[in-house]
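Below you'll find only one chain, the form predicted alone, shown as structure tokens.
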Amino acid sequence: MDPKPLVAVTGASSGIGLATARAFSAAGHPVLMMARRVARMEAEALPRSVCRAVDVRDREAINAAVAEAEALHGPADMIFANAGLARLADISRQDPAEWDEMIDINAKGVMNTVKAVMNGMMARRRGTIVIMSSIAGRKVYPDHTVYCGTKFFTHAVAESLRGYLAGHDVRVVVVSPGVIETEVLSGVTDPDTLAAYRANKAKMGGGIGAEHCAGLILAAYQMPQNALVQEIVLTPTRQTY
């Protein structure tokens, strides 16, 4: 038997997802790592980790990965719906295909991830669902239109789930970072938006580290099951918007 329960993370090949997998592994948990870039996850060689190539738009792939990891390590006690994409752009110039991609990954992907573990957690009357949002799910930005929409969606879904699952002793935590040092800018194809983002990031002295978000997620999880950190909002000290 594993000394600590299984945790599952989507988008685990980089950024906050990878940092969170590392943090929970270091704390003694077996970790199911899911992302499209499986070689990156396997290169981490985390103890008792299960690495699977999963696109969160494919709910059957998530279900299969969770079932396989649970067969090895027992029920997932925490899942981090982290996988996401930021296609930031002037909405008048943006290719609508980028809207579809963000909605499918950032919104539908969250639902697919949550669904894979929710009923089991309800039956066991225990579990923690962590959902990645953004400061852009709390306020809007002119060149983040559809991205903001997907992150406001995750906030609304989390609020609803939190109320629904409270009576089953299942916790729902939202993570809303500001500017952070991850690969998030790799999804920005609009050169003007990318240049403005980088300039603003430089003014605030750079973004926060993914490991700091991961540490807060671990701390929230380690609270007693009857104590819930509803939302984690973390930004650079100089970020004022």
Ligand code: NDP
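Predicted, not measured: the structure shown is a model, and the values here were computed from it. Start at 1 with the first residue shown and count on from there.
Another form, the form predicted together with the named molecule, is not on view; read the next lines as being about it.
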Exercise. Is there a heavy atom of Ser25 no more than 4.5 Å from a heavy atom of the named molecule in the predicted bound form?
Worked result: no
For this session: Answer for Ile105 alone: is it within 4.5 Å of the named molecule in the predicted bound form, judged on heavy atom distances?
Result: yes
Problem set entry | Close approach of Ser134 to the named molecule in the predicted bound form, 4.5 Å, heavy atom | yes
Problem set entry | the named molecule contact in the predicted bound form: Ser49, any heavy atom under 4.5 Å | no
For this session: Choose one stretch from 89-97, 70-78, 125-133, 161-169: the one whose residues place a heavy atom within 4.5 angstroms of the named molecule in the predicted bound form.
Result: 125-133
For this session: At a 4.5 angstroms cut-off on non-hydrogen atoms, which residues of 37-65 are near the named molecule in the predicted bound form? List them in order.
Result: Arg37, Val54, Asp55, Val56, Arg57
